[in-house]
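Next up: just one chain, as structure tokens, the form predicted on its own.
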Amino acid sequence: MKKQAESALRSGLHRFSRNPASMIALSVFILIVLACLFLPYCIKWNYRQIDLENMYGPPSWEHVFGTDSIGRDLLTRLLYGGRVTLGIMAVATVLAAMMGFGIGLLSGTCGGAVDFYVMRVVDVIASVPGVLLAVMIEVALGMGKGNFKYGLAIAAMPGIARMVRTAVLEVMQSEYVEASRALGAGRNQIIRKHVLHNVAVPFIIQTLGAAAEVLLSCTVMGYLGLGINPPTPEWGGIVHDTRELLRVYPSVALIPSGVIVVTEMSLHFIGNGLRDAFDPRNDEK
């Protein structure tokens, strides 16, 4: 069984690597992350630096993406803002993945009353809009410090938990698990040998989808003025600050939105590529 799983993993990764759209999306996402991490050290401008003589500046050699309403370099702010936004997305996604995986594994392996009551709680959480939950937690824990990421994590958890539960139930009801039980294997042994590696790939795919949703919700929070306190930049806030330039310098106003869209799409393409690459029907061909 272990050898079959390793073979399926190699085959899936090989199919993923041969998917041009997925590889381009992965390259773009890695490039965006690396640019946000390292390029600020190569740019002379500071994201706080104000130049009132160069307000609403169009793209130029001096300011590649132009300047905002108080003359701050937009490229620098996008790069620093990417650190903040992608950092919040990463923390929220990891928390959602940990909670969702644990809850889904517990529900799927225990079954019965535990499964019923745990999933009812998950259903209640899923019924609350993610942005509303984020706003409630942000207000409760303190505004402008990024505490809304905990709300985004809780909102993203139900989708992961449901997926993990479904995958675990399928494995637990399979013939090879029944055979393992007949040979005296306990629940922990079954989880280690059969459940974890069968759930890993769909879990990663679902987590990538959750990351894309968290990124979108994070930018919405920033656009509504409920994100990080200024002057610290983040992508949603930058979109809000440049919206007035849409008629004057459309490129300056659209660049921040374009960065968000490209990042969002890259996550979706990576997830779709993994889903297609590890589709069991591909192994039957």
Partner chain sequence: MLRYFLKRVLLVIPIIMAVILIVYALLYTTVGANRRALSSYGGGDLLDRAFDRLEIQETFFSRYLRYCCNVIFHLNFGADRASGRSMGDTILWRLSFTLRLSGWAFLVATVLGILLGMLAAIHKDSALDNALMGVIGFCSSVPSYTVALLLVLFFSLKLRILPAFGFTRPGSLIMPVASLSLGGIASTARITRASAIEILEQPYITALRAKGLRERRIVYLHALRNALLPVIANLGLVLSQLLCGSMVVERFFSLPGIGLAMLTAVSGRDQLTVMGIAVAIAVMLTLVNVGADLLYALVNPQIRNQYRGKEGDEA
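Note that this is a predicted model, so its numbers are computed, not measured. Positions refer to the first chain, counted from 1.
Only in words, not in the display: the form predicted together with its partner chain, which the text now covers.
At a distance of at most 4.5 angstroms from its partner chain in the model of the complex, all three residues 120, 139 and 254 contribute at least one non-hydrogen atom. Put simply, residue 91 is far from its partner chain in the model of the complex: not one heavy atom of it is within 4.5 Å. Among residues of the shown chain, residue 265 is one whose heavy atoms approach its partner chain to within 4.5 Å in the model of the complex. Looking at residue 246, you'd find a heavy atom of it within 4.5 angstroms of its partner chain in the model of the complex.
Taking the partner from elsewhere, residue 223 is found to have a heavy atom lying within 4.5 Å of its partner chain in the model of the complex.
Comparing 26-34, 254-262, 62-70, 43-51 against its partner chain in the model of the complex, the single stretch with non-hydrogen atoms within 4.5 angstroms of it is 254-262. None of 169, 128, 98, 196 but one reaches within 4.5 angstroms of its partner chain in the model of the complex through a heavy atom, and that residue is 128.
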